[in-house]
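A lone chain, given as structure tokens: the form predicted on its own.
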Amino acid sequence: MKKTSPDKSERIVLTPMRFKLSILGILLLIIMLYIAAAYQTEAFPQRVIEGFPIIFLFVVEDLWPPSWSYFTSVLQPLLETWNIALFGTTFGAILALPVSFLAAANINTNLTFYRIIRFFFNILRTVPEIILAVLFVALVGIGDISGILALTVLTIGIIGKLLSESIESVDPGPLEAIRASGGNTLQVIRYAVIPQILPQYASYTLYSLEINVKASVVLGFVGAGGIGIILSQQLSMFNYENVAAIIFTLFVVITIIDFISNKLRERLE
């Protein structure tokens, strides 16, 4: 028996023409914005291509070879950088935990208070860590304390935002069961929420530690302690062999930290 092909009028349109036109319009708008940004900043492709030989010569002639004898001078500031990141992450993670419950709609039922806490997290995440470091340097002076305080605030914003979203997506069954049996908010948090979010909390803390190790290097440029201070000094004195030694050391250490952190987070997930 011969099959008849369906009539064109009977075919089901999976993607409406209006939707296709909307997508096309959005793509054209994005392309126009990129073109306008390129003209405004003069970030043309040929400028990047022309800069490759300059970068190559700088690496080959100025940065290479590194001053291997300078590694002994890098170790102490490197340890200082690690301590700044570790303390900043620890303090930020501890402070972010209770605040994140206030930013979760299924725990904090006061809509006004909930919105205030969420707005607070948005402010923390929009302020760059280097601006925070400048503020704390002006407040407590040059040194490690200002770097620790800046990374603490940064960590509160990162972990608080991510953890509050994890709290809102937990299984509501245990929460409703404890509330139905007469449990208060603290009991709901202790027995229903915390057991569900502990893996995410540990994963977010490790992720913040990765970010803070890299950020603490930059904070040294504004006097917030760590290896960034000597990196800034060596750059200003054009000691590029020492700069290469610092960069190589940072690359090795950050790679090891990222590898260990990723393995730990994979196990937690």
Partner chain sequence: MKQYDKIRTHKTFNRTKRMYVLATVLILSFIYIVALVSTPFDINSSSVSTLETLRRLFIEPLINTDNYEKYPEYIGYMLETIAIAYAGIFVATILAVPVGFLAARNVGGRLSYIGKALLNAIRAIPELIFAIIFVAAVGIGPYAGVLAISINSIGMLGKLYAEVIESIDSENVDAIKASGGNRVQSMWYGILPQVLPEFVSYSLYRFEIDVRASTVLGIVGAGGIGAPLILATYQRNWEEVGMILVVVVVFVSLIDVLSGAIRKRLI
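Positions refer to the first chain, counted from 1. Keep in mind that what you see is a predicted model, and the values were worked out from it rather than measured.
Another form exists, predicted together with the partner chain; not displayed. Remarks below refer to it.
Contact with the partner chain in the predicted complex, judged by any heavy atom within 4.5 Å, is made by just one of 99, 78, 170, 142: 142. Although the partner is absent here, residue 68 sits far enough away that none of its heavy atoms falls within 4.5 Å of the partner chain in the predicted complex. The partner chain is not drawn, but in the predicted complex it has no heavy atom within 4.5 Å of residue 64.
Not displayed here, the partner chain is approached by residue 251 to within 4.5 Å at the level of heavy atoms in the predicted complex.
Although the partner is absent here, residue 267 sits close enough that one of its heavy atoms falls within 4.5 Å of the partner chain in the predicted complex.
Shown without its partner, the chain has 214, 217, 218, 221, 222 in segment 211-225 as residues with a non-hydrogen atom within 4.5 angstroms of the partner chain in the predicted complex.
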